[in-house]
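The chain below stands alone and is given as C-alpha cells, in the form predicted alone.
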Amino acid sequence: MRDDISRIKEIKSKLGSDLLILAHHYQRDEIVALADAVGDSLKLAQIAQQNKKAKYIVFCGVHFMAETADILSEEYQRVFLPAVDAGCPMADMADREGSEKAWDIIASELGGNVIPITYVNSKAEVKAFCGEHGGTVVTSGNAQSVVKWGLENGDRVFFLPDQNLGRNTALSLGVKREHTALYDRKEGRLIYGCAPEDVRMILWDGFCHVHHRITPDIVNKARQADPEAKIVVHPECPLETVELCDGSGSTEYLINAVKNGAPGSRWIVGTEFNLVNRLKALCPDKDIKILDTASVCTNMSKTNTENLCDTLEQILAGDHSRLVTVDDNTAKNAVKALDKMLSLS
C-alpha cells in the first residue's frame, strides 16, 4: 500500500521552491498539515499574487479558488486542483449571461452609476463581468472596506452572488434595510420597497448552503443551552441569525476571536465543521462547540491525501490533467477586478 503522506513529503522536498501547496481553512487536518500556506480566500489570493518562484501551485480548495490563483499568477506558473470535481454551489448560482441580464434590468429600472462587486466565491466569468464594468471583487475579510468604496464611488452597488454577505455588510455601513433591493435570478426581476432613486444596494439572490441553513432558531437553542458562551458566526449567515450573535466576521476573524478569548471562556462558532474542530485543538484552554453540526462543505472535503499525492506524481511526470486555466480574455478582465480588491485590502 502506498504511503501517500510520506510520498507527498518526498515530492515536496524534491521540487523545493518550484512547488507551492495552498490550503483553505476548511480543508481536512491532514491536508492543512501538508500545506505551505493556509488561509481564507483573501490571504490565499494575496499569496498567489505575491509568490513569483513556484512553477506549480497546487490549490487544496474548490474550483473558483484555483481559477483565482491562475488569474493572479504569472505566465510561467501552473495551477492544479487535486479534487477536480470540487465546485461551489453558490458560485454556480451566478454566471456571465445572468449577470448581464440583471445589469440591463438594473439600468432600465434604476439607472445611475452602478458598481458591480462580486464575492470571491464566484466564477472567473463573473469576476470578468465586474472588471469590465468598473467593479471589483470582495471577500468576507475585506467586505467593509470594499463595499464602502463602492457606495462612495457609485450611486448604488450590485452585489453578487451571496445575498447574506451583501446585506450584512450594507447594513453595517449604514444602508437602510428599505434601501436594499433583491434580484430574483429565476424570475429575472428586481424586488424593492422604496423609490428607485433610493436603492443603494442590489443583492443577487444566491447563498452558501453551509451558512444559509444556520437559522435564528439554531442560535436561540444554543443560547438557551449555554447562556455564558459567546456565539460568533460567518457573515454568509442570514441577517436574522447574525443579529442574534455576539459577533460575525471572516474565517480569520472567527479564528482570532476565539484564540484571543480569555482562558476558560466558552465559544459557539457558526461556520464549517473542519475549521471549528481545528480550533478546538488550537485552543485547548477554551470550551469550543460548533453551532450547527451539519455545517459541512462536502466539496472542500473532496481533497484528500490520495488525490493530492496523485496530483504531485502527475506534475513530476509532466501530466497536466488537473490543470486549471482561465482563458486570456476572461483573465484580462477578471484581473482588473481582483487587482482593485487587493489595492483596497
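What you are looking at is a predicted structure, and each value in this text was computed from that prediction instead of being measured. Residue numbers here begin at 1 and follow the sequence given.
One more form of this protein, predicted together with ligand 13P, exists but is not displayed; see below.
**Q** Can you work out whether residue 118 and ligand 13P are in contact in the model of the complex, taking contact to mean some heavy atom pair no more than 4.5 Å apart?
**A** No, residue 118 sits far enough from ligand 13P in the model of the complex that none of its heavy atoms falls within 4.5 Å.
**Q** Would you classify residue 41 as touching ligand 13P in the model of the complex, given a 4.5 Å non-hydrogen atom cut-off?
**A** Contact with ligand 13P, yes.
**Q** Would you please decide whether residue 241 lies within 4.5 angstroms of ligand 13P in the model of the complex, comparing each non-hydrogen atom pair?
**A** Residue 241: no, not in contact with ligand 13P in the model of the complex.
**Q** Evaluate residue 127 for contact with ligand 13P in the model of the complex, applying a 4.5 angstroms cut-off between non-hydrogen atoms, and reply yes or no.
**A** Close contact is absent here: in the model of the complex, residue 127 is far from ligand 13P, nothing within 4.5 Å, heavy atoms only.
**Q** Just one of 18-26, 332-340, 317-325, 5-13 has residues with a heavy atom within 4.5 Å of ligand 13P in the model of the complex, so point it out.
**A** It is the stretch 18-26.
**Q** Determine the residues of 232-256 with a heavy atom within 4.5 Å of ligand 13P in the model of the complex and present them in sequence order; the list may be empty.
**A** Heavy-atom contacts within 4.5 Å come from 234, 236, 250, 251.
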